[in-house]
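Shown below, as structure tokens, is a lone chain in the form predicted alone; questions about how it binds or moves come after it.
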Amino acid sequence: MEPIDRNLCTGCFACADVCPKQAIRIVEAENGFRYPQIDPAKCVDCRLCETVCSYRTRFSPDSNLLRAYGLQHKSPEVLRYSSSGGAFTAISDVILRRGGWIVGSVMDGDHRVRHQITDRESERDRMRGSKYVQSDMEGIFRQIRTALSGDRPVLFVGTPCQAAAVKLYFGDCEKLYVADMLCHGVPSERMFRDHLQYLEQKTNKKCGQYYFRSKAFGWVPSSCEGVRFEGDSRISFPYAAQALSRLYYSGASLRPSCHRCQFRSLHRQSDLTLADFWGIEKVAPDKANTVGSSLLLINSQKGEELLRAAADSGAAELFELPVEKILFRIPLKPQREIKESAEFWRLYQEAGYEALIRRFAPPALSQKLRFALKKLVRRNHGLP
């Protein structure tokens, strides 16, 4: 295998899972992101790793977007615990009813975000909600392969680069459904760990469950990060918790490959694409609401069939939209890399996370005042 280009590697780790000699291990680099590393003593130069490498593969630029739909789940509880309109729950319920497997990201008790596979509804429910950190995919391809050896369907949900890796690894498999999302990019797991440590130092409390997106302020585009500290029964929204999202939306903390992403286009490698339906009031004002709506892009007949099955179950309201009217929601270019990118990572390595906040995401007084006002007038949606 040729040397890994760390500016292009997406961190899907398909190469490690496909290697028959276990010659590839995953190591953490100085910027906090994880990359494959080849052991030349074990490598037999079979090059299987290169055949499943999504960044070495040039995908067709032609559009395959067939249809677009808006969706809102009919269950108030599902909406409460979903980032938008509950589309993931609606389509995954179809697979579970067919006796299948769901593959998605969860956050474990150590605040580690990883992909896992399950056929249980309770474990599927842990996959709900946005997680603005790169999930660990190591080992998941082997687990999917084992699941596909049976007669049950499998639904994979991940970022566009992860979805492309799964499609490349398994090819056109009839039992495999692949969903991606409209993606801004991914920060590293190490930066998230540093963020939690920073938050604990600022609040003098131990972090329990963490919420990257909450509807406690209503369903709004601006991110609101919350945490349920150990010993507390309610979610808190300290201003210090919002630092991670300020770095995230600046584009500074993203994986280098996010700035060179080939998957931000109309051509999706997935069967269907999930997204928050921001701007729904522009194209379907009668469907606009304050509890959340999902946008779904159908990229294959399999995706269409899966979504139709979800609608036919009666669990969600589904409405079709002209594709040309929702194009404003689809990013067509990679995230811009900030001019101070080299300085950003140098400062992170030398001075740590809090130094990044002071330099690249300083809390402005006006932001603090607006956030305090939001907390005073927030609508409590009953999250535990």
Ligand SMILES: Cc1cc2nc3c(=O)[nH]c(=O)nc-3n(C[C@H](O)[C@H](O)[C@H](O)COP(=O)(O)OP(=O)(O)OC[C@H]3O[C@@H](n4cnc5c(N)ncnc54)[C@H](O)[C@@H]3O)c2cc1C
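Heads up: residue numbers just count along the shown sequence, starting at 1. Bear in mind that the values here come from a model prediction, so they are computed numbers and not experimental data.
The form predicted together with the ligand is left out here; the points below concern that form.
The ligand is not shown here, and in the model of the complex it never comes within 4.5 Å of any heavy atom of Phe217. Contact annotation for Phe88: at least one heavy atom lies within 4.5 Å of the ligand in the model of the complex. Taking non-hydrogen atoms only, Val186 approaches the ligand to within 4.5 angstroms in the model of the complex.
The ligand is not shown here, but in the model of the complex it comes within 4.5 Å of a heavy atom of Ser130. Note on the partner interface in the model of the complex: the residue among Leu199, Met181, Val283, Ala252 having a heavy atom within 4.5 angstroms of the ligand is Met181. Comment: the ligand is not present in this chain, but in the model of the complex one of Val227, Leu176, Val157, Leu297 has a heavy atom within 4.5 Å of it, namely Val157. The stretch among 97 to 105, 199 to 207, 238 to 246, 167 to 175 whose residues place heavy atoms within 4.5 Å of the ligand in the model of the complex is 97 to 105. Residues of 273 to 302 placing a heavy atom within 4.5 Å of the ligand in the model of the complex, in sequence order: Leu274, Ala275, Asp276, Ser294.
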